[in-house]
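We begin with a single chain expressed as C-alpha cells, specifically the form predicted on its own.
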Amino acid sequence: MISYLESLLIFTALAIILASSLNLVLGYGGMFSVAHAVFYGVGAYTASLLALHLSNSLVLSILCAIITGGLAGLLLAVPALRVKEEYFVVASLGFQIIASTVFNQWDAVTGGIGGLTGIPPASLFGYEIDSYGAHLVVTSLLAAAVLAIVAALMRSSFGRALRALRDDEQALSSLGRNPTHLRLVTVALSAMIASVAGVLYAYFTSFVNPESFTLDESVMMMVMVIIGGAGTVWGPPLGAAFVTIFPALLSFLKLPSSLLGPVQRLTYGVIMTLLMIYEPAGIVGLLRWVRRRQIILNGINGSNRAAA
C-alpha cells in the first residue's frame, strides 16, 4: 500500500512539472500546443540512452535532456511561428504525429514499439536512486524547483512581457519587444522543463516506449492546465494533482474495468465544459471565489456584531 501511494505521489509530481511547463506556452503565452508529450519523450529517451550506453548520472542526464529538449522545442517553434498564431496548434499536431512516428519506427535508437528496457537506477553524487522513497524525494524537490522557477519568471520582466504577448501583441511590439523571439524562447524553455520530467520518468519506470508520449498524453497535459487554471502559478499543479489522483479514487467505486476509462474521460469533459462556462480560471478561480465570499460574509457578520 505504501509503495502504491509513493508511486501515485511520484506520478503526481511528474504531472506537476509537465503541467507547469505547458502553462508557460498555453497559460501565459496564449499558444495552444498539443505536442508537449514529445518533449517529455525526448527527455525520457535521452536519459535512457545515456544510462544504457554511457552514464547513469542523474545530473548529466538532466543536462543532456535539457539540451535535446530545447532543440526539439526550437524544431517545433521555428517553422510553426512562421504561420499565423491560430495555426500554431495545427503545426504542433503535425509535430506530435511526426515525433510519434519516429519514436515507433526508429528501432535502432528508440527500440521501436518494444521500447528500451533494463534502464539502470540513476546515480546522484555516488548514491543510487533505487527505492520508491528516494524517487519521491528527488521528484518532489525538482517539482518544487520548477514551481519556484515559474513563479520567479512570472514576477520578472520576462513574465510581464509574456502576459503582454498573450493579451496585446501590438502593444508589446510598440515597447520594442520582438514577439517572435519571445515565443521561441518560451517554447524552448517549456520544452526544457518538460524534458526533465522525462528523465525522472525513465529512471523511475526503468522502461520507456512510445505509448507514454502520444497525442492522448499531450491532450491530458492540456486538461491539467485548463482544469487547474491556465495563466496562474498554482492552477496547473492543482489540475495535475486532480487528473493524476482522480483515476485512483475511481478505483474505489468498484466499477467494471471497461467503464473506468469512459467515466474518467466523461468526468474531465463535463468539468472542463462547466469551468469554461462558469469559471474559466479553473480550480484557482473557484478557490478565489470561495475566499472572496468568505471575506464578504465575515465582513457582514462583523458589522452585525458591531451593530448589536
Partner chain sequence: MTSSKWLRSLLVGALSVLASAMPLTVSAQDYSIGVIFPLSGPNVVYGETFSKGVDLAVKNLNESEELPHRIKTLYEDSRALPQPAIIAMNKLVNVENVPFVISAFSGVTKAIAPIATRRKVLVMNGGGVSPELAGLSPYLFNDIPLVNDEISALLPYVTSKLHLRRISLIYVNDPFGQGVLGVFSAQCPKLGCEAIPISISPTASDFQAEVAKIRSAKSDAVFIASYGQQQNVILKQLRDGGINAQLLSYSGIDLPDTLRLPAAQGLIFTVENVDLGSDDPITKKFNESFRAVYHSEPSFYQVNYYNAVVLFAACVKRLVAKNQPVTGENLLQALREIKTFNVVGGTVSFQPNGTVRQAIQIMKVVDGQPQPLAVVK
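Here the structure is a predicted model, which is why all the values come from computation and not from measurement. Numbering follows the first chain given and starts at 1.
Keep in mind the form predicted in complex with the partner chain is missing from the figure; the text below concerns it.
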4.5 Å heavy atom contact, S140 and the partner chain in the predicted complex: no
Spell out, yes or no, whether the shortest heavy atom distance between G114 and the partner chain in the predicted complex is within 4.5 Å. yes
With a cut-off of 4.5 Å between heavy atoms, is Y45 one of the residues that contacts the partner chain in the predicted complex? no
Would L275 count as touching the partner chain in the predicted complex under a 4.5 Å heavy atom rule? yes
To test your reading of this chain, name the stretch in 140 to 148, 231 to 239, 114 to 122, 186 to 194 whose heavy atoms come within 4.5 Å of the partner chain in the predicted complex. 114 to 122
In the predicted complex, which residues of 118 to 150 put a heavy atom within 4.5 Å of the partner chain? D130, S131, Y132
Just to spell it out: taking the C-alpha atom of H36 and the C-alpha atom of Y268, is that distance smaller or larger in the predicted complex than in the structure shown here, given it changes by 3 Å or more? farther
I want to verify one pair: M276 and P247. Are their C-alpha atoms nearer or more distant in the predicted complex compared with the form I supplied, knowing the change is 3 Å or more? closer
